[in-house]
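Take a look at this single chain in structure tokens; it is the form predicted on its own.
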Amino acid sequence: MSNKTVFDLERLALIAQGHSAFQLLWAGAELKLYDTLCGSPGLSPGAIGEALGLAEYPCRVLLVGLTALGVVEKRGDAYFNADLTERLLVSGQPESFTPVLGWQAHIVYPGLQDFLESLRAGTNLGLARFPGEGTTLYQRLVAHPALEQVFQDAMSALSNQANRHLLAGYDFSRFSHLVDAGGGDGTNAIAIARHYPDLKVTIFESPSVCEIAARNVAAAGLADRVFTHPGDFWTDPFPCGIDAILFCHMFTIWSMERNLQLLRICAAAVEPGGSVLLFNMMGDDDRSGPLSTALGSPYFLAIATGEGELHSWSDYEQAMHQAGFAEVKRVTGLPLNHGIIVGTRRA
């Protein structure tokens, strides 16, 4: 259950001007402010302006805004990154979150301009801002290679954030061949294969994304155990001889009716005793939050598919049982409101 959120004037002001807060955060990343303060902490406003190529007035607007938001700290006339900024917003850091900001800036913000009309229509009208064929963002990104790279970079960054929690939260050692369905650029598959040296992993993705994943797998030296399987798992068969299918941040894309269809496909694809694992941010059973999951659903309604959302634990469990899985378990307590639902087919 979520704790009741306090809605006061300060919170109202931040929500009402959330676009300004994001643009300040994004500008700091794009202008390399956080990188600059990481390498040279304690710079003066003049030194920052010179390093960023900004005149005094625009530099002041940026620094006052980011200081008020707590992204940077002002001590006397000197500026420093906040602790979280140093860890998550500096380029090249293992946990860098900046690619996710690029996804927000170039995809989420433009598309959510049509959120109100998408609510009224009940479908993803924001998709029109990304011309191309298909009814989902994922289909249309094929026609926009630069945007597809922005998207894949963001998903990789999110995966990097979550991977260690997935690996810490579940023991994959009982599996021999796992399919990472919708595995993106291979980030998840590479991490899992490194952790489990006896496990084979196949990335089931669209042909264009499989090309990216194959390059990353080769660079990681894992081409003998991590494979790609180009196709569409809604219409094309899964690889043979698999005992596990993993979906990371995938079942948020569709309605639960569609998720049930896919779970039935997966139940038939895994060998007896095999499992399907759903790794997502999870919504509360009483549909009161948490905030991080609630803020993700508008993207799916207005842009991505027009039907997805951050579903609740109980929604997934019910669908697993309806799909015919004999045993369904929750793995709770993971950070960032994440969890794992494991459905196991009768042996």
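Just so it is clear, the structure is predicted and the values come from calculations on it, not from any experiment. Position 1 is the first residue in the sequence shown; the rest follow in order.
We do not show the form predicted in complex with a small molecule, though everything after this point is about it.
Proximity to the small molecule in the model of the complex, taken as heavy atoms within 4.5 Å, picks out 230-238 from the listed stretches 127-135, 90-98, 230-238, 111-119. The shortest heavy atom separation between Trp254 and the small molecule in the model of the complex is within 4.5 Å. Residue contact check for Ser206: one or more of its heavy atoms lie within 4.5 Å of the small molecule in the model of the complex. Among heavy atoms of Tyr79, none comes within 4.5 Å of the small molecule in the model of the complex.
Interface membership of Met250, defined by any non-hydrogen atom within 4.5 Å of the small molecule in the model of the complex, is confirmed. Taking Val71, Met155, Ile107, Ile212 one by one, only a single residue has any non-hydrogen atom within 4.5 Å of the small molecule in the model of the complex, and it is Met155. Interface residue among Thr202, Asn259, Ser159, Ser275, judged by heavy atoms within 4.5 Å of the small molecule in the model of the complex: Ser159.
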